[in-house]
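Encoded as structure tokens, the following chain is the form predicted on its own, with no partner shown.
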């Protein structure tokens, strides 16, 4: 597709420095992919440092009708940051300032390029934290997390990114700057545009400033480590914790295949029990030591009453707890280290259906030739079902996509959803009609058209190709 890139670059040079514009092939390649490892080379990359520069970029692109793909840390797992039609990549990594930390109102104001780990480190000095904390926290940016409405290990207790966004400054496709929401805790004036833009995957507006609420750092955190010999038994154990009246901040699950992958490929896996069918990590936190101790004891008691438990114990200290959480964060890198291609279904079901979903996944695997690795956020019913196959093998590739669709259909039949936290992007969009009606998809398209009448902002994302 032909775009007038030369004219865009000439205009951009009037308000951007030379080092804010990338046109050489080697530089462009760096912005051609995200964590899916799918690649598409843009024609030009721009790195604005202010809202005004973003506005001028969008105005110019709008007038020349060149598509724009916003990017943050490129850690997404749905292909949302990939410039699938080329055009302009608008990278926000240089807009990385923490503008305000308000300890009285427990609010912060940040630019979209702030890295999640840097924010958490800064807030720790104020005894505060920002609960949305994805596994990719060392690379992911706050703007990207807002655009994807990212989930994370603590979502079971603290909710997802949208629950912490009070206001946004954003630039529309035609360059118009808007401010929605604000610093108040309550606001029911008109439609909730903050919630609409949050999770819109960069298809409605470019986020340039974010007002977030933060929380006091819990004084006490305990991690329970439970090994079991049965995945379905693990699902029952997870449900029993909530039936006991306990709300952990995180419950994570890894099956035997994941355990052995981490043990094989990464130093963090040295302490793992390879004989276990599943590892469950349960974390509780709070401000009162006695209450947290009692809840931790109750969780261990529940594990010991489950006939499938092999071993259960509390992490002896923060260092051991962090070691096991690092193991969980290393699961996907370990699976990638196997050297195979993979498809990942980021499916979510009501928590009480978790056992049935795990059972269904095992049944699907038994009837196919590809291997399925299962891990994820068991506490909120969100599993990452990772299908491994050899891309050069036609039979395995075909089987992998068949398994993916079967997992999606089974999830929907249980009242679940296609994606719990990764977003639709390009990897899920052609399955959207399994969950949503034609009328719902058409309504979303009309919203997109209201924001972006020329269809230039992050095109070919979210909406199915066949509709």
Partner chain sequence: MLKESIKNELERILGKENVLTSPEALKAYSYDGTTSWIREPDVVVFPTTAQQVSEIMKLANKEKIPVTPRGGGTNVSGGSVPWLGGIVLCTTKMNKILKIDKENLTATVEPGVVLQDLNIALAKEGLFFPPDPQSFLGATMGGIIAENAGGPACVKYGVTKQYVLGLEVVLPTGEIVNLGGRTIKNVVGYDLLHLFISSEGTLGVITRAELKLNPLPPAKKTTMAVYADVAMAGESVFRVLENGVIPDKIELLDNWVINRIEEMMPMGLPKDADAVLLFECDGIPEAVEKETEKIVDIVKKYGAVDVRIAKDMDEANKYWLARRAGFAAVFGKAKTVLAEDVTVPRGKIPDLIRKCKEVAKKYNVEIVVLGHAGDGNLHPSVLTDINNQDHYNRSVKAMDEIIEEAVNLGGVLSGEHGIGLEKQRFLKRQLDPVVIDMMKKIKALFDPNNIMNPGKIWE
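Residue numbers count along the first chain shown, from 1. For clarity, every value in this text was computed on a predicted model and none was experimentally measured.
What comes next is about the form predicted together with its partner chain, which does not appear here.
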Exercise. Is residue 435 a contact residue for its partner chain in the predicted bound form, using a 4.5 Å heavy atom cut-off?
Worked result: yes
Exercise. Within a 4.5 Å heavy atom cut-off, is residue 393 in contact with its partner chain in the predicted bound form?
Worked result: no
Exercise. Hey, in the predicted bound form, does residue 288 get a heavy atom within 4.5 angstroms of its partner chain?
Worked result: yes
Exercise. According to a 4.5 angstroms non-hydrogen atom cut-off, is residue 215 in contact with its partner chain in the predicted bound form?
Worked result: yes
Exercise. Check 148, 348 and 463: does every one of them have a heavy atom within 4.5 Å of its partner chain in the predicted bound form?
Worked result: yes
Exercise. Residues in which of 336 to 344, 111 to 119, 305 to 313, 378 to 386 have heavy atoms within 4.5 Å of its partner chain in the predicted bound form?
Worked result: 378 to 386
Problem set entry | Listed residue that, although its partner chain is not shown, lies within 4.5 Å of it in the predicted bound form (heavy atoms), from 183, 297, 221, 94 | 183
Seminar exercise, completed: in the predicted bound form, the residue from 266, 196, 232, 98 with a non-hydrogen atom within 4.5 Å of its partner chain is 196
Exercise. Using a 4.5 Å cut-off on heavy atoms, which residues of 142 to 170 contact its partner chain in the predicted bound form?
Worked result: 148, 149, 151, 152, 155, 160, 162, 163
